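Single chain ahead, written as structure tokens, the form predicted alone.
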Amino acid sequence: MNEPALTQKLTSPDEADRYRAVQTLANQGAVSELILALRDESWRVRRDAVNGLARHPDPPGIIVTLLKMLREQHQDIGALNSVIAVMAASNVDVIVPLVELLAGDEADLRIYAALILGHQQDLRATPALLNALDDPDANVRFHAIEALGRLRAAGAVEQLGQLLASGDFFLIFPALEALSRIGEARVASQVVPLLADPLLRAAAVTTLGAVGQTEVVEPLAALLDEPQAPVNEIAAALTAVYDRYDSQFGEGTHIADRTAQAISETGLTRLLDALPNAPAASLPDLARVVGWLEGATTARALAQILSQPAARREVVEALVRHGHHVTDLLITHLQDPDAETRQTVVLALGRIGDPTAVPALIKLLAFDSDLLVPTAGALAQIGDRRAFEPLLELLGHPHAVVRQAVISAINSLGHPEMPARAAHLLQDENPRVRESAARIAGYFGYDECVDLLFAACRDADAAVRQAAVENIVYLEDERVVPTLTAVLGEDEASVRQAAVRALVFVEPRAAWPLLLAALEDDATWVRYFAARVLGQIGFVEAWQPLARLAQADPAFQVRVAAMEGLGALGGVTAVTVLAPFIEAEEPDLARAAVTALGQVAHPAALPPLLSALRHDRPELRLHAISALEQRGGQGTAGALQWTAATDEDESVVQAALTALAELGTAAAVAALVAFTANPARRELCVAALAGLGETQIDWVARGLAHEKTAVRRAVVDALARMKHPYATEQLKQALQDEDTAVRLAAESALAVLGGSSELTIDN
């Protein structure tokens, strides 16, 4: 249908007609018609019009048209929201015209200009929004504050902090939220006085959780003494400070210890009183804070909420920190009617490792079949030999997962009687017992069991044969290769698979003909493992049979294994086979080819990987990033930087930034430093930079000379998080920065690294 006819459809009284028309116009890029559809009464029609306009580059006049709509139709909520959505989602540069609107005469337009600027993620809007904080209209000021928060504009902290003392509740609340988004620790001293105001208290607590460091612990702890203290919010704030401090400096326990010292008996009572009736969303934070406090009372309170799924993980972590002091308390909960609670208790007892729990755990082996696996694991962690005989009785259990857990537990005990018992068990009438014994004897290589293990390779039961075949390769015995050869020639598929997997431990020349023959096996999984092992042993002669399997095997998994093998072999020949698969219709084959190319060090592998980096399927681009990260080499950092700067998929961008950090070259570090200018990327890049090693500190510190204030501020944060003497020395350069925010950030960071200031509540 042509555009005039579609335009006619846009006026149809039938929403379905208008909806279909706008979808077609969106695919055609019919901008003027799509702009008309922004006025439609149907949100579905408006949504697709917005999406269509956002997909296309800025045609001549679109910004003028949108601004005209904003001026003329801002009373129409549907049209207004559509214009805002297009401006926020498109690549059109609207900053200058919106700044002009923000300085205009009409208050409503100034409000909408501030609103849209906040969604543009462009710090060029910061000066205009700061000016709008003095706007005569309170609603404009409100939306300017919100916009500065959305932009995470560090340069706004001083003026937003001043608003906190203004007494204007209408602006204080958005200012607190904006400061929370920006996350500047230096504003904490201006937030703390608000804890004394019952109306602002909860919002101030949340903000302190978002921005504070060690200095806010005491004010938050002291607030728990107040009769109407927002206990849930305080717990959430303290855990937020813990998590941030742990992420930045790796010392979250310092926050926990400081909290434990600061909370009074009254505060503890308030926390404990809040536990039983806390909403599920608040329970984890409450449990964590209570868990930082030592004592039998807190342990009992935590144990009482073990049955609450929302806090189970936090409760376990806290009780484990209490150690053997809570063993008896936990044992009493092994009788809990809830199976998940019992399992949680078993896991906690295993981590604590107190031998006094062994009798109770042994009793569980006999009476609680649902907990056999975690109980065996707990006994393995404790390592008490009293569990030896009860565990042996379970070697013939009908479920393989239980047998494996029991085998692991027995292996961990290292009981001196095990060699003789294993020899006896290898001849047990129960095939499951013989299978388990073969795995134990093979793991340790007991001399008493060698002949019995080779005999087990001819056992009447296939599972026993498989276990024996998997384990004889650990024995230095001349019978290994002949036994594997015999198995590959006549046994059933599951045992042949085991034999093929075992060949990776055999001398390559002896394994080569057996693997080559296994590539022709009728069983899919035999061919699969043969292809994988050929890649692992690195036989160059294997490229031709592997190429044949990659291109023509009827089983998908075999083709993937063959590609992996080719990647391990490397060289131009592997690239020639793998590169065409990048355009394969089957996504899994394309991903396998990209992953395999990441193993190839030859320069010929780079062009197809760069091609995959531009593929229209985001999941393939993600695999290309992983492959480039693994491969490294010249050209990799530039390709990843380009991807991080241009890709429209957020997961791809984050993966590219993470890969740059893993590369850790000078070019990669410089790229990460530059990306901190984007507020949405800042935290990820700072964390990545902070994780770099000593040899890369100089590369990070070069960012202190960057032209953008936001970048220099981020570099200060990264150097502080490194907690390295040389990084701290480099950080001192920022004390001379021309920007006040950078200097203050450096002072704050150096104070944290060498001590901290104290804040108190003004009651």
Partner chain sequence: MHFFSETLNLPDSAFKLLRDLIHQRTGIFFEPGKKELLADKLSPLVIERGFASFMDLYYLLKYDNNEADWRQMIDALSVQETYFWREFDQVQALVDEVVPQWASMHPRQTLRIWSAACASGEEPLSIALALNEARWLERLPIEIIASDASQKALTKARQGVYGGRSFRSLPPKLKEKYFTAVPGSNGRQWRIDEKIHGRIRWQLANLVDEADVAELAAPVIFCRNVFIYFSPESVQNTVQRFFARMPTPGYLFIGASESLFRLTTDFALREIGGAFVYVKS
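Positions refer to the first chain, counted from 1. Predicted model only: the values in this text are computed from it and were never measured. We call the rigid core whatever largest set of C-alpha positions still superposes within 1.5 Å between the two forms.
One more form of this protein exists, namely the form predicted together with its partner chain; it is left out here, but the text below deals with it.
In summary, the region of this chain contacting its partner chain in the predicted complex, judged by heavy atoms within 4.5 Å and restricted to 263 to 271, 208 to 216, 528 to 536, 453 to 461, corresponds to 528 to 536.
Relative to its partner chain in the predicted complex, residues S189, L200 and H322 are all farther than 4.5 Å at every heavy atom. This chain lacks the partner; the member of E541, D168, E586, D257 within 4.5 angstroms of its partner chain in the predicted complex by a non-hydrogen atom is E586.
Though its partner chain is absent from this view, in the predicted complex it lies within 4.5 Å of a heavy atom of just one residue from T126, Q654, N232, Q404, which is Q404. Using a 4.5 Å cutoff between non-hydrogen atoms, P227 does not count as a contact of its partner chain in the predicted complex.
The closest non-hydrogen atom of F556 lies within 4.5 Å of its partner chain in the predicted complex. Contact between H399 and its partner chain in the predicted complex is found at the 4.5 Å heavy atom cutoff. The shortest heavy atom separation between V316 and its partner chain in the predicted complex is within 4.5 Å. Annotation for 491 to 521: interface residues with its partner chain in the predicted complex are Q497, R501 [heavy atom within 4.5 Å].
Annotation for R743: C-alpha shift under 2 angstroms between the shown form and the other one, rigid core superposed.
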